[in-house]
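Okay, so here's just one chain, in structure tokens, the form predicted on its own.
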Amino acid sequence: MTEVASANHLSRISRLDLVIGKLHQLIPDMLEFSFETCTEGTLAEKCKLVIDWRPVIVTCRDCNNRSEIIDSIFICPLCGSFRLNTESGKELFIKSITGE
């Protein structure tokens, strides 16, 4: 993040937008606390952290049902199959960095 700021001649990072899939099982409060702690004394101190949490979406290879996994139970709710393809929920990337 600081490398991007330097390359773009930013003196301060005011906002960081992340995309995180729920399969990473990160705890929002702990992530925010860790971010605040790690950015103290840096260009990103007091930076606003915005997270787009992506749901776990799967498609059943047996019945083609597409559904969201909520309780970490990877079973097709339509046919009971365990043969699922994960479509989303694995994301983990920086969407944008804003600064001056």
Partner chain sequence: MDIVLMKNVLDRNQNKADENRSRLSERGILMFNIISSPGAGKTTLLEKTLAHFSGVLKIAVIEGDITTDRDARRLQPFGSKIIQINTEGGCHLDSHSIAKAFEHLDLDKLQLIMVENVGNLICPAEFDLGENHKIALISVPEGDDKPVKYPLLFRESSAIILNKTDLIPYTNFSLERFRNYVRELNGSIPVMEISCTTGSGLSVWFDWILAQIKEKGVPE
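Positions refer to the first chain, counted from 1. Quantities reported herein were computed from a predicted structural model and do not represent experimental measurements.
Only in words, not in the display: the form predicted together with the partner chain, which the text now covers.
Asker: With the cut-off set at 4.5 Å between non-hydrogen atoms, does Thr86 touch the partner chain in the predicted complex?
Answerer: Residue-level check for Thr86: yes, a contact with the partner chain.
Asker: Flag Leu92 as yes or no: does it have a non-hydrogen atom within 4.5 angstroms of any non-hydrogen atom of the partner chain in the predicted complex?
Answerer: Judged by the heavy-atom cut-off of 4.5 Å, Leu92 is in contact with the partner chain in the predicted complex.
Asker: Is Ser72 near the partner chain? Define near as a heavy atom within 4.5 Å, in the predicted complex.
Answerer: The answer is yes: Ser72 has a heavy atom within 4.5 Å of the partner chain.
Asker: Spell out, yes or no, whether the shortest heavy atom distance between Leu10 and the partner chain in the predicted complex is within 4.5 Å.
Answerer: It does: once the partner chain is placed as it appears in the predicted complex, Leu10 has a heavy atom within 4.5 Å of it.
Asker: Taking Phe33, Cys63 and Leu78 as a possible spot, do all three reach the partner chain in the predicted complex with a heavy atom inside 4.5 Å?
Answerer: Judged in the predicted complex, none of Phe33, Cys63 and Leu78 sits within 4.5 Å of the partner chain.
Asker: Only counting heavy atoms and a 4.5 Å limit, does any residue of 9-39 reach the partner chain in the predicted complex, and if so which ones?
Answerer: Contacts from 9-39: Leu10, Leu23, His24, Gln25.
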